[in-house]
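The data below hold one chain only, encoded as structure tokens and taken in the form predicted on its own.
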């Protein structure tokens, strides 16, 4: 599945809670329905982003991991 993002942020090299905080800030600056791509090297991000999206009502469209880099696509509610 190929998802196109309206905005992309790179959180590689950051550890919890920074990827979630940067995702929150980026999403807050976006319009409802827009999609954010976030890249992270923190394996904990998979659970953290899923929990954050669930808690905030934003939609986690897709999560994938390739060579230690996690890619998340989140649609702003």
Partner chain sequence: MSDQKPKKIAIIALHGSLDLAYPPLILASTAVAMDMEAAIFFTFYGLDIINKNKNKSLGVAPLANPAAPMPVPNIVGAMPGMTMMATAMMKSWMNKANVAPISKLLDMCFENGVKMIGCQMTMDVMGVKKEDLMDGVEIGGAATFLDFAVDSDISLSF
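Since the model is a prediction, treat every value here as computed from it, not as a measurement. Numbering follows the first chain given and starts at 1.
FYI, the form predicted in complex with the partner chain isn't displayed, but the following is about it.
- Contact check for residue 68: every heavy atom lies farther than 4.5 Å from the partner chain in the model of the complex.
- Taking the partner from elsewhere, residue 64 is found to have every heavy atom lying beyond 4.5 Å of the partner chain in the model of the complex.
- When contacts are judged by a 4.5 Å heavy atom cut-off, residue 18 counts as touching the partner chain in the model of the complex.
- In the model of the complex, the partner chain lies within 4.5 angstroms of at least one heavy atom of each of the following residues of 48-64: 51, 52, 54, 55, 56, 57, in sequence order.
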